[in-house]
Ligand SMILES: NC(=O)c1ccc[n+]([C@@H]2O[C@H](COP(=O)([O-])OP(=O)(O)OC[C@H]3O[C@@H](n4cnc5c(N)ncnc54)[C@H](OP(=O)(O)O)[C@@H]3O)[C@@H](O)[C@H]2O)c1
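In structure tokens, the next block holds one chain alone, the form predicted on its own.
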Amino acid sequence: MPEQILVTGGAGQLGRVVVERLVAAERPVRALSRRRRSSAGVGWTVGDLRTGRGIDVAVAGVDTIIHCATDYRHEVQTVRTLVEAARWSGQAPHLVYVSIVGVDRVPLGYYRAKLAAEELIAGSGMPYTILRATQFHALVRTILAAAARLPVVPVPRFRFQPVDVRDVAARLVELALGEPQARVPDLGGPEVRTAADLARALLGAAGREKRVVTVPVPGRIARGYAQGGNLAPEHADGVVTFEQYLAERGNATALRYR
């Protein structure tokens, strides 16, 4: 029987692309969502990782889980719910988890939660693979678009290495179809860029001319970013650049927040 793969967060930014790639590869796909959905080649199942509702049904009979769902306030709780349901299923599925580069170097609350989730998975006794990726293009664009509303665009003295969601999805699918590897090498975007440089690229894509200024940001979190804790320059394996991503969106949407 073909291997059954569950994708949590199947309707989300990352999960949607993972599901599309699995369907294109003609793999049996089950996708978890909080609402009823329907699409060709996908067996959608309704469940809520925060409450546990429907998760036992979602994991029943699956061989691999690609965990793309994320919860900024309850990350550890939702991962624990998934792990416990998978263990109770008796299947011991391969759990593929996407984390973030810098969770052990930047003391951001959400990063700490992702690191705790990694540790929970590693100690669960389940076969697992953990991939850390740098910030998605969409996140960097959203942050910079907010600053670009002002007459003068203020940006921190940080560097980013934005990666395309399609590059991350491709790597997750590759990992899911292979053997469990524990933590694998990080995945970073193709370029390490200053926030100011990326802001100018965003303004250029929108046909705007504004002055961009770098400003100091105090605190331990800012220091972690300033020291490059969010970067993986030795793993610049992504393909799509920030400019290519913006060009695909078109200048009419470049400065939108979502």
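None of the values given here were measured: they were computed from a predicted structure. A residue's number is simply how far along the shown sequence it sits, counting from 1.
Not on display, but discussed next: the form predicted together with this ligand.
> Could you spot which one of A11, A236, V23, V240 gets a heavy atom to within 4.5 Å of this ligand in the predicted complex?
If I apply the 4.5 Å criterion carefully, the residue I get is A11.
> Considering non-hydrogen atoms and a 4.5 Å limit, does this ligand approach A148 in the predicted complex?
Taking the distances in the predicted complex, the answer for A148 is no, it never comes within 4.5 Å of this ligand.
> Closest heavy atom of R34 to this ligand in the predicted complex, within 4.5 Å or not?
Although this ligand is absent here, R34 would touch it in the predicted complex, with heavy atoms inside 4.5 Å.
> For T134, is any heavy atom within 4.5 Å of this ligand in the predicted complex, or not?
Contact with this ligand, yes.
> Taking this ligand as it sits in the predicted complex, is I121 in contact with it (heavy atom to heavy atom, 4.5 Å or less)?
No, I121 is distant from the partner.
> Taking a heavy atom within 4.5 Å as contact, would all three of L49, A69 and I100 count as contacting this ligand in the predicted complex?
Per the other structure, all of L49, A69 and I100 touch this ligand.
> Just to confirm the contact call: exactly one of 215-223, 194-202, 34-42, 228-236 touches this ligand in the predicted complex at a 4.5 Å heavy atom cutoff, so which is it?
Only one stretch qualifies here: 34-42.
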